[in-house]
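Below you'll find only one chain, the form predicted alone, shown as structure tokens.
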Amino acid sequence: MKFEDLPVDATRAGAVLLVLAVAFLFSPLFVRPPAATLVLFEVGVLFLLYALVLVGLNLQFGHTGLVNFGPVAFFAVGGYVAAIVTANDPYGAVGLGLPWPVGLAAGVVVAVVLGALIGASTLRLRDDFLAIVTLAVAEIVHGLIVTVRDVTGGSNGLQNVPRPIAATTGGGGAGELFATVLVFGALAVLFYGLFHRLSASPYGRVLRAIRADEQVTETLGKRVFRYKFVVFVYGAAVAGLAGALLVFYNGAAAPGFFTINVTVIVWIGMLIGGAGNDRGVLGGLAIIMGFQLATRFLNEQLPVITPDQFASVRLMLIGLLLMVIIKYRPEGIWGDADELGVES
């Protein structure tokens, strides 16, 4: 049995996990793990948020062939809109002070609107032009966040954002991190299941046909642009949701949360795991983030290297890992070379 063929209804499992996670937070059975596990839980929270971005990106690129180098744009828009709508009297920024569910919905809606605008104007471009445009949009969004200080707080960020999970668990620490992993994990499984079922359906077969040859797919009567547009909006929506969840977890929004590094991490994870393999890309993301965690404190053992130099060395090692994968396993560890049309 192949890795991607393991029998599991992830959509139903995700919905059940989400209900159980929320119920558990309000029950007397809720326990607080040891403080020593804080680092693992912190990385786990980021992994789950990036996984949400990645499942949308994999639907776009792995299944449809859309080269989107700007998922962080929707991640940032979702986060900042949610922060602006819900923040209470932030310093040097706009905060409407509305309930967090309103902010969550607003972040997703504005990310969808941005995705629709970009998709309508760019999805007829060739792959390389689409990649350049989406990358440019991500940089424009980041630039606006920094320069429109009266609204976003600029480089100081936007504080006083509500933290619903922290409020439920009675404060920060390991208890909050554990609860966050439970809820975010359930959401990640839910959206993984939704996108996996979509890609495994006849709709998904049309997406793969578009990736293989969109002109042939067009001649068969399929409205290629419409399929590409919808998939692009799906990815924007889930990335906006992840951004909103991030600011509600941190209680603030800052430009440093939404840099090009997010795009780099999710793309490397997808390429290592195998684009088009829904579980494989998550495995690739786990590999790259596990590598970051494993080398996080290595600088303490190498005092001759400054922290800035060590950060550069880590990036070089990540690049080397990606080069090895592309050289010897271009379809990724769990990818299908025949389906992707590459020579292994």
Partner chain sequence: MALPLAQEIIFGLVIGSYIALGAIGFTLVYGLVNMINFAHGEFVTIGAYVGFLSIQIAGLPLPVALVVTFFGTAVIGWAIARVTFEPMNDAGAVPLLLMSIGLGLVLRNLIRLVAGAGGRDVQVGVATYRFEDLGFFVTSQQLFIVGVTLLVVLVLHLFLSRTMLGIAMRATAGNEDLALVSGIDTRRVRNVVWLAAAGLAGVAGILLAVAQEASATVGFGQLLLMITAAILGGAGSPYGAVAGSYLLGIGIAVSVAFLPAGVTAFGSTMAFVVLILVLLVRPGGLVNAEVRTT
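Residue numbers count along the first chain shown, from 1. Basically, rigid core = biggest C-alpha set you can superpose within 1.5 Å across the two forms. In this text the structure is predicted, and so the values were computed from the model without any measurement.
Although not depicted, the form predicted in complex with the partner chain is the subject of the following passage.
Contact annotation: the partner chain lies within 4.5 Å of heavy atoms from the stretch 214-222 in the model of the complex, the single such stretch among 240-248, 214-222, 150-158, 175-183. Although the partner is absent from the chain shown here, S121, D308 and G319 each have a heavy atom within 4.5 Å of the partner chain in the model of the complex. A residue is said to contact a partner when one of its heavy atoms sits within 4.5 Å of a partner heavy atom; V39 fails this definition for the partner chain in the model of the complex, lying far away. At a distance threshold of 4.5 angstroms between non-hydrogen atoms, W267 is in contact with the partner chain in the model of the complex. Contact annotation: L271 falls within 4.5 Å of the partner chain in the model of the complex, judged by heavy atom distances.
Residue contact with the partner chain in the model of the complex: D89 places no heavy atom within 4.5 Å of it. Scanning L125, L98, V94, L194 against the partner chain in the model of the complex with a 4.5 Å heavy atom cut-off leaves one residue, L125. The single contact residue among A209, V230, L135, A105, judged by any heavy atom lying within 4.5 Å of the partner chain in the model of the complex, is L135. Residues F61, V67, F69 are the members of 57-74 with a non-hydrogen atom no more than 4.5 angstroms from the partner chain in the model of the complex.
Relative to the superposed rigid core, G290 undergoes a CA displacement smaller than 2 Å between this form and the one not shown. Once both forms are overlaid on the rigid core, the distance between the two CA positions of L322 between this form and the one not shown is 2 angstroms or more.
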